[in-house]
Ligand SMILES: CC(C)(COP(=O)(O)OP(=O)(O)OC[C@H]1O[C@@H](n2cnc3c(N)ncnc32)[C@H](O)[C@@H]1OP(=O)(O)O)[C@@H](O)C(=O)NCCC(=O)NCCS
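There is one chain below, alone, in structure tokens, taken in the form predicted on its own.
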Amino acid sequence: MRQATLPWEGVAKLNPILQKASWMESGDIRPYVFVRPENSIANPGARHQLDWFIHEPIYKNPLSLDELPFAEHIYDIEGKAFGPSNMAMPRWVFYDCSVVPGFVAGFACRTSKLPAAFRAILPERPGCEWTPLSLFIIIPSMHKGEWVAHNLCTINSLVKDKSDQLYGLGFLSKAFGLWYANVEQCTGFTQWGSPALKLHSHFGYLEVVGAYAPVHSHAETITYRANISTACWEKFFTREEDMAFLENYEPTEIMIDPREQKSMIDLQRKIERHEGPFYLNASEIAGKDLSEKLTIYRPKKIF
């Protein structure tokens, strides 16, 4: 699966924005790609110009029996992260709907270098040289150029002491997957009022394609779509106002209240009547508490 010329070869140093994520530098924590050979990405990292990922990924084949311990660690993290909300992924869903048709990526730590806080969470599996610390699953869609983000979680959510967490692990896991797979457009889901919305809104301008989803097991779910733009990514770390967004999008009188289902249904009806497109402002989301109302934006009219 190794390409003749890889985009991370010859990179001298980490992007200054990622100095906060110094854990990426040593090589004891590296990105991984968990995908069957037939689904391997041609020319990884070619679409988005980025110098953040300085180490070659670890390649794993999910159809290999030898990689079962690696997969079991993924199940451990995902199950503990989503189990309390009754959204843990059944094994057959991971196999049938994720790892066989799609692409799984994240970061893994050399098992011999695992911090004590992580060892306390994950069961020991002898012979496993690398232990995954995060997972991001994307699945190609029938809509050309679009991928669906199915799952994102990290060991950070399981660590009690914040000082033991790896700074930016969740954001960087998704960023690596989108970058490596040359994703043009990403559609995904999360719940209104979820802290995940602060993360997902920084990969490209977030269009609300669904404001209420009774077909989902959690009806108060936002379905979003973003055209991937690395120009937005640094702002997740710097918290700078995105002036380009404000130049091209304007606030409406519509507000979403994460505590009020009616506001979600009202916006959903507007979407169904083709009154949009409607967008969220990542800077506003970053600066507000999870329970606060969010302004809905639309593209400015060009006269």
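The numbering used is simple: start at 1 and walk along the sequence shown. The shown structure was predicted, so the numbers you read here are calculated from the model rather than taken from an experiment.
Here the subject shifts to the form predicted together with the named molecule, a form of this protein not shown in this document.
- Checked against the named molecule in the model of the complex, the residues 190, 187, 111, 98 give one hit for a heavy atom within 4.5 Å, which is 190.
- For the residues 232, 152, 122, 139, the 4.5 Å heavy atom test against the named molecule in the model of the complex is passed only by 152.
- Taking non-hydrogen atoms only, residue 236 approaches the named molecule to within 4.5 angstroms in the model of the complex.
- Heavy atoms of residue 157 reach within 4.5 Å of the named molecule in the model of the complex, making it an interface residue.
- Residue contact with the named molecule in the model of the complex: residue 210 places no heavy atom within 4.5 Å of it.
- In the model of the complex, at least one heavy atom of residue 82 sits within 4.5 Å of a heavy atom of the named molecule.
- Heavy atoms within 4.5 Å of the named molecule in the model of the complex are found in exactly one of 178-186, 191-199, 213-221, 139-147, that being 191-199.
- Residues of 152-173 placing a heavy atom within 4.5 Å of the named molecule in the model of the complex, in sequence order: 152, 153, 154, 156, 157, 162, 166, 167, 168, 169, 170, 171.
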